[in-house]
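Taking the form predicted on its own, here's one chain by itself in structure tokens.
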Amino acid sequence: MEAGETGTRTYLGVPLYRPRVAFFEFSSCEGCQLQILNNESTLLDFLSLVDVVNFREAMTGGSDDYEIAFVEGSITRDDEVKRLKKIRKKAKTLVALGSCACFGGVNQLKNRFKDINKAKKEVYGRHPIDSEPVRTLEDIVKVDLKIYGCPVKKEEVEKIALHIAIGKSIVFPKYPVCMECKRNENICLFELGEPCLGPVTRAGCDSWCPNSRAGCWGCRGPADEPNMEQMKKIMEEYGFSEETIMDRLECFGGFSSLMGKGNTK
């Protein structure tokens, strides 16, 4: 990318359209938004692609005149439902940012409790708290685009922003993380005694965790046509219990449609 004579950013000589974007958060750790801000080396290039008009973590004030809404977090309260619908009404494009927005994330683990009120009493005592079963953004409103991960991969967000700016289609990998892991010449973590969901998890993170010798927890959800039976067989062959498999598959909620959504407690 380069600047034209008028200062307008161009890509291969074509002026870039800078969409007005806003960032919002619901029930989450806000780590996906921090990923955007932590990208010091390319932050200015990223900001040159978009016109950020609302971003609580990065600016004071803000405008409701936006075209694209990046929304992080899951929905756990009635007031969040109302706020999300308001955001959806204003946005031409709504992007689910991260595992919590896409699948419910770690938050959705509380949906396993049969009695949510008992759980709230155990955690908060006599202090009243509004906390309902976790829902994804898509459970409430139409989602136009999903960016997976916990947290999201900042390079992937930048690539998607560039594609939006130049009007290029956005295509996510259909193959599993294992493909990226092999390409990065990593030693298979199963050989190192570490459980890993790389064989069934959607790629696109450049095998982020395995690169640091940490097994994949499936935060990006399932790859296309994941072979779950083979995944279970691999885990068993390397001596991992069914409980270990379930812990990983349940963690972020991305595999719930493949496992059933029943309570376990």
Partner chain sequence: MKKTCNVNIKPLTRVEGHGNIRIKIKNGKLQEAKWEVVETPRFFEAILKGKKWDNAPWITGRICGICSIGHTLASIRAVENAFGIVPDEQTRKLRILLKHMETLQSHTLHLCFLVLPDFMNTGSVFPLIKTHGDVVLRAAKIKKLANDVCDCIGGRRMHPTRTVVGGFTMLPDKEELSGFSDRLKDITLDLMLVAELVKGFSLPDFSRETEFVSLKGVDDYPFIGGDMVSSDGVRMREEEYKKMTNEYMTDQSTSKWCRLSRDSFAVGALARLNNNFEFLHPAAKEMAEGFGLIPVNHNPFMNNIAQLVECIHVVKESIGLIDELLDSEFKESRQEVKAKRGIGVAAVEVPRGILYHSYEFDDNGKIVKCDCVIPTGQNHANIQHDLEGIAEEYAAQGKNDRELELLAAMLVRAYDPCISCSVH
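The structure presented is a predicted model; accordingly, all values stated were derived computationally and were not measured. Positions refer to the first chain, counted from 1.
There is another form of the same protein, the form predicted in complex with the partner chain; it is not shown, and what comes next is about it.
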Fill in: Single option in Val106, Ala96, Ala91, Leu84 placed near the partner chain in the model of the complex, where near means a heavy atom within 4.5 Å
Val106
Worksheet item: Quick one: is Lys146 in contact with the partner chain in the model of the complex, heavy atoms, 4.5 Å cut-off?
Response: no
Worksheet item: Though only this chain appears here, would Thr76 touch the partner chain in the model of the complex if you measure heavy atom gaps against 4.5 Å?
Response: yes
Fill in: Partner contact for Ala69 in the model of the complex: the partner chain, 4.5 angstroms, heavy atom
no
Fill in: Interface membership of Glu242, the partner chain in the model of the complex, 4.5 Å heavy atom rule
no
Discussion item. Just to make sure I understand: among 106 to 127, which residues lie within 4.5 Å of the partner chain in the model of the complex, judging by heavy atoms?
Written reply: Val106, Asn107, Leu109, Lys110, Arg112, Phe113, Ala119, Lys120, Glu122, Val123, Tyr124, His127
